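The form predicted on its own is given below as one chain in structure tokens.
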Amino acid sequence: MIIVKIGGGSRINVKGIIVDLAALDEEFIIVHGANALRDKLAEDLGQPKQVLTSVKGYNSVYSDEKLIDVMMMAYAGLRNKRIVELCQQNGINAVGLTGLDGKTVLGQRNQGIRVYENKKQKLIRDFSGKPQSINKDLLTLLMGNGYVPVITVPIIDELNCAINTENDDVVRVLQAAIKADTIINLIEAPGFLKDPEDEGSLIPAIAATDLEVHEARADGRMKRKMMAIRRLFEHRASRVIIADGRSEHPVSDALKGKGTVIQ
């Protein structure tokens, strides 16, 4: 079983990813983002996103009700359905799901995000949280009947409300539930870079035991991504590949070891 996480950047070669997946002999589930599309749509609607940086240095998008509406348009709407369309065109009988649908991904809303404002700590509450569990029965039903789930945010919280979360965290709880052997994380970079500004500084391999060190050195979204990957190995993931989603054959390249292989 493979989990393929498709990043939300504008330069990701989604068509190439789906063509590669259609040639796989192994079962897979797709989890995808849409951050570039969300940001463009938010700007077009006059509701630009706000990014919060926690006191621990992790970045997250401030998710009020307006942002959740934009997410539903971008992630659950356009991006999800275009991926499902590509799947169908390539012989993959895909079903698009958010975490809301059938309570596919159940989470818990955050109590608040601690940030610094004017050198003082402040607690900011919004519609965001952490995924806690997967509706494994629903996914087993779909996959047992030949359907491929294509999953994205928002997820559903304990009050049955839509909340934002990180898709990397969705991958974590999904892997814990279905015990996927391999997770492919396709991003807008050759892999994990020693210098984020230098694409030639690829780190080709990382030992799972060294992830905490790399997490401490990372910044911004990559810092959060490395934390999520570290937690995958706490649930006994065998291999995580961070690979270039912009290449002609992103999945094939990843499975050949191109990118950063973590195991």
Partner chain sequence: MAECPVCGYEFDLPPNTEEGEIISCEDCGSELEVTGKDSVQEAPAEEEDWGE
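The structure displayed is predicted, hence computed values, not measured ones. Numbering follows the first chain given and starts at 1.
This next part talks about the form predicted in complex with its partner chain, which is not shown.
- Stretch-level contact check against its partner chain in the predicted bound form with heavy atoms at 4.5 Å: of 198-206, 59-67, 233-241, 24-32, the positive one is 59-67.
- With a 4.5 Å cutoff on heavy atoms, H214 does not count as touching its partner chain in the predicted bound form; it lies far away.
- Taking the partner from the other structure, its partner chain in the predicted bound form has a heavy atom within 4.5 Å of a heavy atom of N110.
- Although the partner is absent here, K179 lies well away from its partner chain in the predicted bound form, with no heavy atom inside 4.5 Å.
- When contacts are judged by a 4.5 Å heavy atom cut-off, Y75 counts as touching its partner chain in the predicted bound form.
- For the marked spot (Q175, K194 and Q263), a heavy atom within 4.5 Å of its partner chain in the predicted bound form is absent from each of the three residues.
- Within 4.5 angstroms of its partner chain in the predicted bound form, the stretch 110-127 places a non-hydrogen atom from each of N110, Q111, G112, I113, R114, E117, N118, K120, Q121, K122, L123, R125, taken in sequence order.
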